[in-house]
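Taking the form predicted on its own, here's one chain by itself in structure tokens.
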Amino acid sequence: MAKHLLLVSTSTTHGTGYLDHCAGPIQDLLGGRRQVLFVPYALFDLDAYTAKARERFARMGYELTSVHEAADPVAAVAAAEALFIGGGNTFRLLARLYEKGLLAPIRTRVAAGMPYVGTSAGSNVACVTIRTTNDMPIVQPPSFDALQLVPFNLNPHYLDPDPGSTHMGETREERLLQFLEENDKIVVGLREGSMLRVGDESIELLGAPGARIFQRGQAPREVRPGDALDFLLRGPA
């Protein structure tokens, strides 16, 4: 079975509603499936977050249930037709996935062809580690190792350096280059409105803003929709 992943930088872009900018790609990924299991652990109020996601998916024609409502979360993942992991704090999300014993069951189901949609933190945890998240470590997960559904890392909400800024702190690019000094991993800086459609042998970049690729020993490079990104599936050279 082929992998089917949609890794989205953000759940909401400026001037649009929740999931509006990625509703089409979500529907394309899910195909004829009608039920979606939601993982809301990145936010504190699980019920409110689930209600928001449920209403939005209902407008797309899907029935959404939440893993936190299940008596047995592992069994819920095993039976899921599709999975949506929403954004929030990546450290809290990963800590809860470890706590609930869900990393291995999610890997197994994705390997068997279950569609996976992640936004922001939900995209971060699909990667090798969460070491390139922008979030504050409000909790400490047992490990920074994540689901490892793809052999690279993401930096969602990637912001380009502003040449006119008077802020003297490090730019996002500088922080990612520091990461590469210590870690030999490819990082995709995914701008707001961009997303990756991932299969077993192909990656498609969607969304006009494009992305920026960071790799040890190479200058950061720009990629746009239509560029060949399949090399990301091979990991660092």
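Position 1 is the first residue in the sequence shown; the rest follow in order. Treat the numbers as computed from the prediction; the structure is a model and nothing was measured.
Same protein, other form: the form predicted together with another copy of the chain, not shown, and the subject of what follows.
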Q | another copy of the chain: the contacting residue among Pro151, Gly113, Pro161, Pro137 in the predicted bound form [heavy atom, 4.5 Å] | A | Pro137
Q: May I ask whether His4, Pro25 and Thr119 all come within 4.5 angstroms of another copy of the chain in the predicted bound form, judged by heavy atoms?
A: no
Q: Although another copy of the chain is absent from this view, report whether Glu204 comes within 4.5 Å of it in the predicted bound form, heavy atoms only.
A: no
Q: Would you please decide whether Met168 lies within 4.5 angstroms of another copy of the chain in the predicted bound form, comparing each non-hydrogen atom pair?
A: yes
**Q.** Gly88: touches another copy of the chain in the predicted bound form, heavy atom cutoff 4.5 angstroms
**A.** yes
Q: Please check if Thr108 has a heavy atom lying within 4.5 Å of any heavy atom of another copy of the chain in the predicted bound form.
A: no
Q.
Using a 4.5 Å heavy atom cut-off, which of 204-212, 51-59, 66-74, 180-188 contacts another copy of the chain in the predicted bound form?
A. 180-188
